[in-house]
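Starting off, we have a lone chain in the form predicted alone, written out as structure tokens.
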């Protein structure tokens, strides 16, 4: 059984009249790469800054290594923070930026030299130690920021969107570097991002935040395969999950008539026996849709885009635009010319791939659909 080096209990943070965090609970096992994911204003950076001691909570507590650190100064918490903008001192060399905290602790010069050169070798930045920040690329500056955190040997690393200022190619390279960094240090990393691709690639465990509340947590596979709310379903995945509002009408149970919003043609749904609410939202991943001339779903093509080996197709079901990602077959290629004609296509989705959410609350109802067919 692993220990719990970071535990958040009932954390509430308020900025003026704005409630930034609302009674957050979270336990992070030792050595885990925990990603906190959410849009701007969701509270993710507030969590990080609270753990670091840069924000005083209104209520709740923060524990690190079994010790309540809620009222301790940042310097007493044994954490290191890697910032979005690297926060390197422009007038100092990379060596001196890395060594700064060690000098503040009055370590002997030979020990400082040994620690800085050692971490520089691990992160492949030894040739950069004599350069100032303006002589470094974005990726090189980020490695220096990681080295400065790593040389302190903290219990926990806190990372605030460290890749957001890098271009797409460099972000990909730095994701590999961060995975390697985690393997080297074998310490807990709490990583904040708004990028769900980063979260899925890096996290052992993901917490999805929205408006100061935890929406869902789990492994990347769990959060992607079994989203607990409409918000999570639409936030995780690219393109996002399609959401089709529909009304249900009980027939001879367990059969229902399903009427997508704005569609004159309903479908007959057979459920697993659990009663369905009168209003639902059907969640369908774009990759779960297939062309099928006998399929029960029909709609006019509005837009198509060739994506190398795949074709992205936008069409309408009632008043809802639906996106499909199709393999590049001859049938799918035929749709590239269909948008000008608003050609109606038929498609199908395996019932097991359809997520059903309560229409008003957005809470997941699981996958209660056993079959779906034309009336």
Ligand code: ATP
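Positions refer to the first chain, counted from 1. Every value quoted in this text rests on a predicted model; they were computed, and no experiment measured them.
The discussion below concerns the form predicted together with the ligand, not included here.
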Can you pick the one in 327, 41, 29, 334 that has a heavy atom within 4.5 Å of the ligand in the model of the complex? 41
Among the candidate residues 140, 217, 198, 161, which is the single one with a non-hydrogen atom no more than 4.5 Å from the ligand in the model of the complex? 161
If contact means any heavy atom within 4.5 Å, which of 318-326, 345-353, 56-64, 32-40 contacts the ligand in the model of the complex? 32-40
Partner proximity in the model of the complex: residue 11 to the ligand, non-hydrogen atom cutoff 4.5 Å: no
Check whether residue 20 has any heavy atom within 4.5 Å of a heavy atom of the ligand in the model of the complex, and answer yes or no. yes
Give a yes/no on whether residue 70 approaches the ligand to within 4.5 Å in the model of the complex, heavy atoms considered. no
